[in-house]
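One chain follows as structure tokens, the form predicted on its own.
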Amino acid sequence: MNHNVEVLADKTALIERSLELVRAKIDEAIQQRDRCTIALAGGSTPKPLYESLATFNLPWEKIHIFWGDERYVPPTDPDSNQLMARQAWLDRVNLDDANIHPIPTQGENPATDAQHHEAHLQEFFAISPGEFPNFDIILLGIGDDAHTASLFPHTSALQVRDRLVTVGNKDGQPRITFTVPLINHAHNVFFLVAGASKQQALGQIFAAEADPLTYPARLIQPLGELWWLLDEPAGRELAV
């Protein structure tokens, strides 16, 4: 694992650096594999990144969009990660529907929808059960509790090692999420973290010793490159 930590002056600088790196990794993936697979994060921090990406003329036919997690709400719900990304980016560029791979959330059972999405990933990446795909880029954030994707502290999703997709739980509300091993098989994982409220979580994530079941982002140790991009309010207490 290639581990990189950068503390940027403010959120604007964080987004500019994220844009620079993500565009470089898109180009690299297309040059090496003739396509780029990207899993998006929800939340407010990456939204300006998506808005910026929408202004570029990229080879959209070679870019495939996924999500690392999704709330179990319809895709038109204001809380939907898919809706945010579509409004900020995907609906503003010439990206074919076949290149957008949302997590299904309109069935009656989150576990069944998680299984359906896992089967879709296996078909898309042409892998067998028990194998894990290698996403080119996975974008993540963290919560004040150090969760990432929908991998929340002391929930059963943290223990799943034999699946690509599972059901997460946030205060009794189901979510569908990539599993730890799926994320850890990525070529590039980017954490985008902004705000002073993240300082305590980051302190535990970067500590020499801490319980990963309490601070789940500690579990993310990808085979490829790991990038922590922090604004100064988030990262000022870290010795990097």
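Numbering starts at 1 and follows the sequence shown. Predicted, not measured: the structure shown is a model, and the values here were computed from it.
Quick note: we don't show the form predicted together with a small molecule, though the next part is all about it.
Only one segment in the set 63-71, 179-187, 23-31, 211-219 has any non-hydrogen atom within 4.5 angstroms of the small molecule in the model of the complex, and it is 63-71. Interface residue among 157, 90, 137, 142, judged by heavy atoms within 4.5 Å of the small molecule in the model of the complex: 142. Comment: the small molecule is not present in this chain, but in the model of the complex one of 203, 48, 174, 43 has a heavy atom within 4.5 Å of it, namely 43.
Looking at residue 147, you'd find a heavy atom of it within 4.5 angstroms of the small molecule in the model of the complex. Interface membership of residue 81, defined by any non-hydrogen atom within 4.5 Å of the small molecule in the model of the complex, is confirmed.
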